[in-house]
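What follows is one chain in structure tokens, specifically the form predicted alone.
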């Protein structure tokens, strides 16, 4: 369902890798129907296109359906009906999984079919299956990652080439890494949906994106990038979820200063990196292209193969619905912070409020930046408001990631 960038990639792999896939599953994977409102007369499977979803639902030979249309509607309705009709469903649609994952997994459980979504988080990077199977002996304490290639590309251009944010965004659009309307990427919503999926998987309860404090990268300036480097950090947009000793979780999507020594610091351009912290394995990092036609399509096809291998039994992939009661308030979240300021005696005023700080002052003007120790975000905001009331202009505040 859907023959756009990813959908056409799925069809291409199923056609060009037919022999390899046959060897994997012992039978042919045949594309029976392709649902799209557009015409594709030059496609090698042009005769299999349909504009009518009912053609898929009522075809008893179709055992696995691939949803790569994107968006919530009619994707949710179509996927629900496929599951109820006894067909397994594979999707790359992170918006769908983040909004309706618990609902669709429960529906799949009831109908004894599979709902798989490996491609929804890391594109071509395997992460759902490794977390669900390979790391099953671990208690996962934390998941953090660079989950959006567009913002990582923009920040890389700012860091390495000294480009302004607007120029780096324009380049990303020209190269096809960013949409004409880039809001979902640069405002952090895409990364938020992905960390919600990983948090739901890691901790067993659905996390809805609207429950997660989310910031984008639109306020990051070249000045922040230069200060960060002097402090020993690079700036990355990070989705992070951490389990606390009281059993609750701390989840946030925001730009963070990542130390040079971190494995996430050197993940550049359109690449993604996801770090999973297990009690037995320590840090495990998954790295690769987080988007693109064939990388994403390869993850979709891997799920198709998995569904075919488990036609008569369910894969155990499940989490319960959640109401957000297991998530702490953002003001209770603990971070060290980076602050960029302007004003007379700004550093001494900051020291009086924050105590032991590290600072860098620009010679000859009233601009400076400093980093604080760890504190709750609520306490930090109180202190920042006092600093502002003391005639210090707060230009920028960014979390420091312990990654």
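Definition used throughout: the rigid core is the maximal C-alpha set that superposes within 1.5 Å between two forms. Residue numbers count along the first chain shown, from 1. What you see is a predicted model; the values in this text were computed from it and never measured.
Although it is not shown, the form predicted together with L-homoserine (HSE) is what the next lines describe.
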item: Which of 228 to 236, 297 to 305, 178 to 186, 126 to 134 sits within 4.5 Å of L-homoserine (HSE) in the predicted complex, heavy atom basis; value: 178 to 186
item: Non-hydrogen atom within 4.5 Å of L-homoserine (HSE) in the predicted complex for each of 94, 147 and 290; value: yes
item: Proximity of residue 194 to L-homoserine (HSE) in the predicted complex, heavy atoms at 4.5 Å; value: yes
item: Touches L-homoserine (HSE) in the predicted complex: residue 190 (any heavy atom, 4.5 Å); value: yes
item: Core superposition between this form and the one not shown, C-alpha change of residue 181 at least 2 Å; value: yes
